[in-house]
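The chain below stands alone, shown as structure tokens; this is the form predicted on its own.
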Amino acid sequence: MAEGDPVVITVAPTGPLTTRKEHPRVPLSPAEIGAAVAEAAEAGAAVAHIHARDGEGLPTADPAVYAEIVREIRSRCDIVVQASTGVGLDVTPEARVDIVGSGDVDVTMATLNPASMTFGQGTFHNPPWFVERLAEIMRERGIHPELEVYDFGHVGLCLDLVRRGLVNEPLQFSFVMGVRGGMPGDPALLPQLMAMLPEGTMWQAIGIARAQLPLSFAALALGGNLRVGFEDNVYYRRGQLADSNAQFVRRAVELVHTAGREPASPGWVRERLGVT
């Protein structure tokens, strides 16, 4: 990140795991997700990281559902839409390819996870053939990949995709911290991760649960970007559920201003990453 760049605030309103038992207002339907994203965009979010759920509230890779979510969002606001290709631990890589491979889901960005790993009590499957296929499709369709890193070794795997021409610059990394099976949510790790990145790389810190706020402070101090939302955390403070995804965004905007920086607009993100 260049000195003086604005801070990109991403909202992740749903995720694959958060249920109505954990928060009664987690948005699940396309219309609910669209409304939540529009409220977050008005509050200052520049990017929406979206997951799809089926009629039972379970994670789905159905391109038709993703496409409907995108339409709901774009009918309400101009936020940059990013599709998650992670979906959920029980959804196969073969099904997840269709999110970007079907041609039906018109998104600006999509996530690219470089490796399989233990995730909580399950396994997050990202075999090499799947990673390469996703990268190829994104490159062909002009979808900008966000490289999601859950552990230090994942950085090298991502940079190998760059060396092989499967991922083009400018690069955007996410450091996902606090997942059982990956890196702990320790802000002291951020300088080490940053040192592994090529100069000029955009990055954001994603803190899971109680790690969200400390990592937000650390990312701002180190020139990074932020992600907030019900996917990562449903508590605004200890024992108090957040009112909405937008409430998290409004606090992120306050932190950005306190740090002497400004929130990025969707237009700035598109220009910085060279996307439409």
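The structure presented is a predicted model; accordingly, all values stated were derived computationally and were not measured. In case it trips you up, residue 1 is the first one in the sequence shown, and so on.
Only in words, not in the display: the form predicted in complex with a small molecule, which the text now covers.
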Inset, instruction - Given the small molecule in the model of the complex, answer whether the residues 113, 150 and 231 all have a heavy atom inside 4.5 Å of it. - result: yes
Inset, instruction - Note which of 131, 87, 197, 109 lies within 4.5 Å of the small molecule in the model of the complex, where distance is taken over heavy atoms; exactly one does. - result: 87
Inset, instruction - Determine which one of 242-250, 30-38, 210-218, 46-54 lies within 4.5 Å of the small molecule in the model of the complex, judging by heavy atom distances; exactly one does. - result: 46-54
Legend entry - Any non-hydrogen atom of residue 203 within 4.5 angstroms of the small molecule in the model of the complex: no
